[in-house]
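Taking the form predicted on its own, here's one chain by itself in structure tokens.
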Amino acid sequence: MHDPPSTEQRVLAMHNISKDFPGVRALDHVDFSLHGGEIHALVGENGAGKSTLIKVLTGIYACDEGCIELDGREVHVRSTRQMQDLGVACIYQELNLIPHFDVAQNIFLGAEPRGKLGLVRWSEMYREAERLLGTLGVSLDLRVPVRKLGFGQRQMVIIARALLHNPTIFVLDEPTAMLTRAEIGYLFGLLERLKEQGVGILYISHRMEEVFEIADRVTVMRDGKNVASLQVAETNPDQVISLMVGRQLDDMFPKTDLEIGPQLLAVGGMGDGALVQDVSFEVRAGQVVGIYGVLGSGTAELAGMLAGDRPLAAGKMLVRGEPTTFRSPHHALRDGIALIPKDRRDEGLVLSFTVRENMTLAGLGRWVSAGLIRSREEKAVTRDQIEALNVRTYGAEQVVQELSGGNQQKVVIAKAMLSQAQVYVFDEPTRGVDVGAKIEIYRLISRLLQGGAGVILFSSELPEILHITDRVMVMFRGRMVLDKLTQQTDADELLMYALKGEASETDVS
């Protein structure tokens, strides 16, 4: 157990930290500090070195140079368990839970209370799990498998597990990426309570509005270096973003005006027999159709239907004027419809495969003759994609799991592009990536349009919808309730239809 540090005490100091991987310096003499009772945000583009720095702190990686001090004493980091015992807790973006274990079993995973014979003291474990969740203000059925919980509830289980070890340093890596606004508000309230108890909180986020809402200090990383540490009250989002990318962002939403071409995809009366009902629209060459809706509106189900991952129970689909039915994502891809999924790690990538293997997976038949892969052509195409998409990797044979989130997303997009699709379904393509990577993804979308493709963009970010799309539709309870040219609507109208399914009375003339 650790006594809460005073708010004047520096609980963490990382001095001159460097870390090399084959062909790349991930951390270059980085200094970082954290005080008790402080929320310190760590920001930077994907690949800037944030995750590597955290993995050095938590014992996943050993640094090549530098040292770490906890409460003023130098620590020789040997393992994650050692750092956990020293009061360092980390909540990663990918929640580490065992789906078929219940809530209490996941909270106490590896730390179960045991008797003299090594048997688990089950009643004590469930009683302590209930107490821990109570300190968070959370009430959950302790015997429910975590696979049945919502994402926000799963995150509370992970936080309870972290608090079991009474940390003095609490690290959160993109904790709000999958949370609703209400869940984010609850999390922030919890962080404020931990801050009042003297815990030092290291908060990693791509969302500038969160940094300026919750943090006291912000450190900016770029190309493996600490380029600035600033008091949040003495800076602004534009300055922080400029430090992140090393340039002024004059065009946050790059988009080329193109002449709209022929129809590529049309759906009429589409339904899945459950949530999605009577959806009709078309997509033309050179056009971005945006689809907006809140959680539970049917957007996720519709995206699955368009990509062949969810059966069509009603309606019809036309691809280039010809009727079709997608029985699987393979059939959709065969007809020229490619999905860039919301969950890139579980649905878009094979994490143990290399960058090359992932990029060419969907279109591998193009480089196969007599059952053998023409590896020279495959490697050449991969190199071209890495360069064209500016994928930050030390080579095509790097395992994709080692890439940052933004670069993993580029690999998913490259895979879709190499399939030579004509319609690209982007489902939340910029979720969990930094502002610089967002701009590059928007540029890739423009490049696809210039090549004669059409794009369907599912997004919960209104600025993205309003600046990137040509036409926007809003879903509410499984139905399309608004369909307009983007230039004829605004954020207020889109949000009103998304939340109520109709305009307010004051908007009706």
Partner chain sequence: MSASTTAVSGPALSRRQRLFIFLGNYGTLIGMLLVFPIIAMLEPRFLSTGNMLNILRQAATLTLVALGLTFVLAAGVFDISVGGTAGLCSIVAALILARGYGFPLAVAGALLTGLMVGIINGFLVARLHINDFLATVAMMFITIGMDVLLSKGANVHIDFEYAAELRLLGKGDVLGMPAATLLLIAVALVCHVILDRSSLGRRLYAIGGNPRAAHLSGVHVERLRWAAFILCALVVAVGGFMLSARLEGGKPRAGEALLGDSIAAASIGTTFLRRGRPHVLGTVLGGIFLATLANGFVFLNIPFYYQYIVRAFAIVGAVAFSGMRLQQR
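Positions refer to the first chain, counted from 1. For clarity, a rigid core is taken as the largest C-alpha set superposing within 1.5 Å between two forms. The structure presented is a predicted model; accordingly, all values stated were derived computationally and were not measured.
Keep in mind that the form predicted together with the partner chain is missing from the display, and what follows is about it.
A.B. asks: Just one stretch in 126-134, 202-210, 284-292, 339-347 has heavy atoms within 4.5 Å of the partner chain in the predicted complex, so which one is it?
C.D. replies: Heavy atoms within 4.5 Å of the partner chain in the predicted complex occur in 339-347.
A.B. asks: Verify the contact flag for residue 104: yes if a non-hydrogen atom of it lies within 4.5 Å of a non-hydrogen atom of the partner chain in the predicted complex, no if not.
C.D. replies: No - in the predicted complex, heavy atoms of residue 104 and the partner chain never come within 4.5 Å of each other.
A.B. asks: Using the partner position in the predicted complex, report whether residue 430 sits within 4.5 Å of the partner chain, counting heavy atoms only.
C.D. replies: So residue 430 does not count as contacting the partner chain.
A.B. asks: Hey, in the predicted complex, does residue 181 get a heavy atom within 4.5 angstroms of the partner chain?
C.D. replies: No, residue 181 is distant from the partner.
A.B. asks: Residue 378 near the partner chain in the predicted complex, any heavy atom under 4.5 Å?
C.D. replies: Taking the distances in the predicted complex, the answer for residue 378 is yes, it comes within 4.5 Å of the partner chain.
A.B. asks: Between the options 439, 75, 312, 230, which residue brings a heavy atom to within 4.5 Å of the partner chain in the predicted complex?
C.D. replies: Of the listed residues, the single hit is 75.
A.B. asks: Find the only residue in 333, 266, 163, 97 having a heavy atom within 4.5 Å of the partner chain in the predicted complex.
C.D. replies: Selected residue: 333.
A.B. asks: Taking 63, 329 and 402 as a possible spot, do all three reach the partner chain in the predicted complex with a heavy atom inside 4.5 Å?
C.D. replies: So, yes: the whole triplet contacts the partner chain.
A.B. asks: Only counting heavy atoms and a 4.5 Å limit, does any residue of 364-382 reach the partner chain in the predicted complex, and if so which ones?
C.D. replies: Read in sequence order, the residues that approach the partner chain (within 4.5 Å, in the predicted complex) are 364, 365, 368, 371, 372, 373, 378.
A.B. asks: How about residue 483 - superposed on the rigid core, does its CA move between this form and the one not shown by 2 Å or more?
C.D. replies: No: residue 483 shifts by under 2 Å between this form and the one not shown.
A.B. asks: Core-aligned, is the CA shift for residue 74 between this form and the one not shown 2 angstroms or more?
C.D. replies: Superposed on the core, residue 74 moves its C-alpha 2 Å or more between this form and the one not shown.
A.B. asks: Would you say whether residue 83 is displaced between this form and the one not shown, judging by a C-alpha shift of 2 Å or more on the superposed rigid core?
C.D. replies: Residue 83 C-alpha, core-superposed: shift of 2 Å or more.
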